[in-house]
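Next up is one chain by itself, shown in structure tokens, the form predicted on its own.
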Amino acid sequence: MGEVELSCLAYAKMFLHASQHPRSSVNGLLLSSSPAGAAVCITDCVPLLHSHLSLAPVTQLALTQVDVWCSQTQQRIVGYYQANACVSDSSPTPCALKIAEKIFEQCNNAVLLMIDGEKMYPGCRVPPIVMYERKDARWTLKDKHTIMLRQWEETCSIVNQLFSSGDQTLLVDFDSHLDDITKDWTNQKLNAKIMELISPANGNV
């Protein structure tokens, strides 16, 4: 499997999702707006759940709705992310493996990304992520040299700005949408704020 590039937008939303629910496991889907190819460019993510991660009907409902939305917006589901409630545990759970497997059936270069809670702090020198790929019929650790997060220092700065401003409260996951269907799980408002911060006009790339 080729390289995987993780965008600032996708990373920022994953970070805010985990920060919003520090005592819970959270999960979500990784999206790409790039055509299928050897490399995977993760351009966005959809935060899914912060409770009952293993509840199959809710997960299936979320997957179906996100899939429909992706087909309308020229995106595709290319992976799955999860942060475990126990910060010292970044191992994939049976639930994570099951959902990743389902995504792999539709995308043969899908990735499984686990957030390393112990490294989730301001100024961390490396992205707090552990990535897995499907190889030889099982999920194995991906070579970290094939994982790219461009402009890591700028990304950290943007995430810190968002966190300092309390913008994790703007993030809506699918769980919250089910509680109040007026809430937008596609997070257009938050996306616009993040894109504004990373625009060249603000001195970031």
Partner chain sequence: MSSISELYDVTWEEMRDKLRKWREENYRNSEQIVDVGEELINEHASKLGDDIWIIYEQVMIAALDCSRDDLAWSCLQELKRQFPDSHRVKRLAGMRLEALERYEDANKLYDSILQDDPTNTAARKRKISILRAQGKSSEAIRELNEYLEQFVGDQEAWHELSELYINEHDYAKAAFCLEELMMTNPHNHLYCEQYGEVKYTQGGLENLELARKYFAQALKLNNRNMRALFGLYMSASHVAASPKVSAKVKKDNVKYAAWAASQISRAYQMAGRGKKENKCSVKAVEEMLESMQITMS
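Values in this document were obtained by computation on a predicted structure and should not be read as measured data. Numbering follows the first chain given and starts at 1.
A second form of this protein, the form predicted together with the partner chain, is not displayed here; the remarks below concern that form.
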(Q) Taking the partner chain as it sits in the predicted complex, is Q72 in contact with it (heavy atom to heavy atom, 4.5 Å or less)? (A) yes
**Q.** the partner chain contact in the predicted complex: P94, any heavy atom under 4.5 Å
**A.** yes
Q: Report whether the minimum heavy atom distance between G166 and the partner chain in the predicted complex is within 4.5 Å.
A: no
Q. Even though the partner chain is not shown here, does H177 get within 4.5 Å of it in the predicted complex, heavy atoms only?
A. yes
Q: Within 4.5 Å of the partner chain in the predicted complex, counting heavy atoms only, one of 148-156, 62-70, 26-34, 134-142 shows up; tell me which.
A: 62-70
